[in-house]
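What follows is one chain in structure tokens, specifically the form predicted on its own.
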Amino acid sequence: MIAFSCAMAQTGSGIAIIPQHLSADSVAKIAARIRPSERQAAWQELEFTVFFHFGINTFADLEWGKKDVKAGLFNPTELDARQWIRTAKEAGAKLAVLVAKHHDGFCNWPSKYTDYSVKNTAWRDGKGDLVKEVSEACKEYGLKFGVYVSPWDIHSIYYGSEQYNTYFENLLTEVLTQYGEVDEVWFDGACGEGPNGKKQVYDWIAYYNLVRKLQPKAVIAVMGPDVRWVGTESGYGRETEWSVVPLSLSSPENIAAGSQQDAGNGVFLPPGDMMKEDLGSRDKIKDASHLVWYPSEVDVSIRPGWFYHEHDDSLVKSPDKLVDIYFSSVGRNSVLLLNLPPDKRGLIHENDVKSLREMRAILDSAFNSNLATHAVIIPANGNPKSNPLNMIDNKAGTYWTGKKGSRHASFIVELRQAASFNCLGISEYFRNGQRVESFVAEVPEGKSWKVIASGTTIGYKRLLRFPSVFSKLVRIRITASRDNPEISEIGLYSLPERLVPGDR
């Protein structure tokens, strides 16, 4: 009991040390009380964000770049960052991440540390600054702003030496100090050869500390301590997505000072294989020495590639495909990062814009009418001090909880009148931790109840689609939970039948 209390004291800041010889149930309860940092919680609530891959590769018709591509090739003729951000906002995105520097090494701002940048191009007569234009457009349209800065550099002569880390930190400093608030800094782990055939040993700890110093509110993704990569670029997250996962630390004794939520000394390094189907089940956490809040970001491009290629103009993902991706990312306790690669003109292509607008129209039509909004909620085993109407007040900061000490909960949603629906939305009050392990939705059938949908994890948001049913009553049962379930929101929706996959 003493060891358990000590472990619990470490939770609340997003990380916990797990004493040895605890039962699996005790470890699960610790995991349930690990919470996101404020920056992580605010990021999760964005739900849908966009990526802009644009640079020298756009004009060289490449994905990763080549060392001998000349800077002068970069010359967009109609570049309009406001069109990019306006398109993103109309699609429902809340944050835009710009590729400031990709693996090719070309800087989309006029860096004083390299000539391989927009300052040595004909665009804007060599006086352009794409990072500035996108950041200002984000401010104008009310989107948060993020940057991708690749540590790999095919072009830099410093790459493969200690001097390169200093060079890279200088580039980071420029990007993080000249454009106002930055809300997300996106690193990947790509580490290929530079122009001299050498590979670089990245100083991740120094990079993280620099971001924390210059932009303390920014989440660091996905080769970073705040947000992890889901593991594929398909747009599809896991059916069971835990935000709390096991963690190895380079200096466990410094955990309190250097955890991911603090500037600290950067002891956190991203865990190993984050691509496995099961990352956070009881079986995976029962023997962990540390647990950490480390949520999932699902990245995918609207086109086959990450940069624009004219031959892909007919291969833009359809509105229905984008909606399916939304359900399989945002609807599976993840944040969606959708790439929109501007073309050689410097505009989001018409085909991409059309698909995005139609996607947004479908989602708006589906979610603008929550059949549960004016329902009566009848709890079976709730906490008498907890108001069940909190689940339909459309307020993320309120919730209903089950009976104290119970790992199960049940409530009936009684609609004003019988209606047809084929989608359930349900959210936990994730700021207190992620707890639910399984749940079912049921409707009356004769004298019993028929299961219409079932799921495992909920987290920030879970969306389940199923064949349409017509009913006035729906029963939600939390069948397993790591601690008292805390349900923030529920919704019942009607989707076009074509958007409801079979076997669900």
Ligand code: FUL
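The structure displayed is predicted, hence computed values, not measured ones. Residue numbers here begin at 1 and follow the sequence given.
What follows is about the form predicted in complex with beta-L-fucopyranose (FUL), which we do not show.
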Per-stretch contact check against beta-L-fucopyranose (FUL) in the predicted complex, the hit in 116 to 124, 102 to 110, 285 to 293, 396 to 404 (non-hydrogen atom, 4.5 angstroms): 102 to 110
Contact of W449 with beta-L-fucopyranose (FUL) in the predicted complex (heavy atom, 4.5 Å): no
Proximity of H53 to beta-L-fucopyranose (FUL) in the predicted complex, heavy atoms at 4.5 Å: yes
Distance check, Y148 to beta-L-fucopyranose (FUL) in the predicted complex, heavy atom within 4.5 Å: yes
Interface membership of D299, beta-L-fucopyranose (FUL) in the predicted complex, 4.5 Å heavy atom rule: yes
Selected contact from Y158, W84, Y207, W186, since only one has a non-hydrogen atom within 4.5 angstroms of beta-L-fucopyranose (FUL) in the predicted complex: W186
Position in contact with beta-L-fucopyranose (FUL) when the complex is considered in the predicted complex, options E277, D364, E233, E78, heavy atoms within 4.5 Å: E233
Interface residues of 457 to 488 toward beta-L-fucopyranose (FUL), as seen in the predicted complex [heavy atoms, 4.5 Å]: none
